[in-house]
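Before any questions on binding or motion, here is one chain by itself as structure tokens, the form predicted alone.
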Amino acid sequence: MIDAALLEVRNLTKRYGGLLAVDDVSFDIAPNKITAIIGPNGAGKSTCFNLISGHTRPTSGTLAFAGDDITGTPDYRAARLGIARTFQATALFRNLSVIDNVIVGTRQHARSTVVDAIFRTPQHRRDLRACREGAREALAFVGLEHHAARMATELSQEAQRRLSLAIAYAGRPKLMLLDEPVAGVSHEEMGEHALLIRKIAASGCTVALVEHKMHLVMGLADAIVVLHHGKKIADGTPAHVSADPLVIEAYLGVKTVA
């Protein structure tokens, strides 16, 4: 029996004036798998992520997450539903400690209100304890537990990438959208980062990623969606996609002979 898709993208389109950034794109993201969205520069990959995460509203088309229509749902509601997002540029609170950065990622599950915080009610204190515990678990998951008290700016680029993953993971998402997760990471560190992404998927969190490093994608992804000039030109397993004539032409500019 085939599991139902966690995310169903149907005829997704985003138009900016006369520019079609995403053009009638449809694909599924299977649960507990790693799906890569690839394509040359300007293919529409990050725009597609923006549409899925609720950062941008689609011009047309639909999105269904865990069976529910989330088309046009804003990003803060998408996060509460279980969609977490990291960005190409590491987005951290640089004046906060490592653990305080991760605590921010846990706050969406807190039940206390501003009034609870002002009067430090029992609910507020329970939430604080739960958020700190959740943050420590997320840091341990990504291997940064010994850096909890350091300032985020003191971490290496690779460790800051791990911290971004910890912030997203701390919210206990069902789907993590990773936009170029190894940007700025050395070749030696890339293998460890790939293992961490596999660990996230193995924990029961579905992963979708945008990445330009093809050797990483081909060894990491269970499924690949290829975009070119905003349109989907192929999808399937890494082996299937890498042999597709349209994909070869898009990347190499060389037409294959049938």
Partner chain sequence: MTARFGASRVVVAVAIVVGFVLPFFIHNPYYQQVIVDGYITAIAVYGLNVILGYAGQLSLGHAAFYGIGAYIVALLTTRASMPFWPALAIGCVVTGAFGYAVGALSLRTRGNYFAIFTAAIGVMINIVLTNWQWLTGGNIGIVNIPSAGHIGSISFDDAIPKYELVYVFLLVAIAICTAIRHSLFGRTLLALAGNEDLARAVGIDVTGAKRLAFVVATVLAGLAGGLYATYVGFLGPETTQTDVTFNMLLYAIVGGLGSTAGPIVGTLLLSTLSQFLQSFEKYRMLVFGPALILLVIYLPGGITSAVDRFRSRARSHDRFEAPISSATESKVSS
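Positions refer to the first chain, counted from 1. A quick note: this is a predicted structure, and the numbers were derived from the prediction, not measured.
The next section is about a form of this same protein that is not shown, the form predicted in complex with the partner chain.
Q. With a 4.5 Å heavy atom cut-off, would you call A79 a contact of the partner chain in the model of the complex?
A. Result yes; A79 sits at the interface with the partner chain in the model of the complex.
Q) Applying a 4.5 Å heavy atom distance criterion, does R172 contact the partner chain in the model of the complex? A) Although the partner chain is absent here, R172 would stay clear of it in the model of the complex, with no heavy atoms inside 4.5 Å.
Q | 4.5 Å heavy atom contact, R162 and the partner chain in the model of the complex | A | R162 lies outside the contact set for the partner chain.
**Q.** Non-hydrogen atom contact E154 with the partner chain in the model of the complex at 4.5 angstroms
**A.** Yes, contact at 4.5 Å.
(Q) Each of F93, L96 and D100 within 4.5 Å of the partner chain in the model of the complex, by any heavy atom, yes or no? (A) Yes: F93, L96 and D100 each sit within 4.5 Å of the partner chain in the model of the complex.
Q. Among K33, H55, K213, H229, which has at least one heavy atom within 4.5 Å of the partner chain in the model of the complex?
A. When the partner chain is considered in the model of the complex, the option within 4.5 Å is H55.
Q: Enumerate the residues of 121 to 151 that have a non-hydrogen atom within 4.5 Å of the partner chain in the model of the complex, in sequence order, or give none.
A: In sequence order, H124, D127, L128, C131, R132, R150 come within 4.5 Å of the partner.
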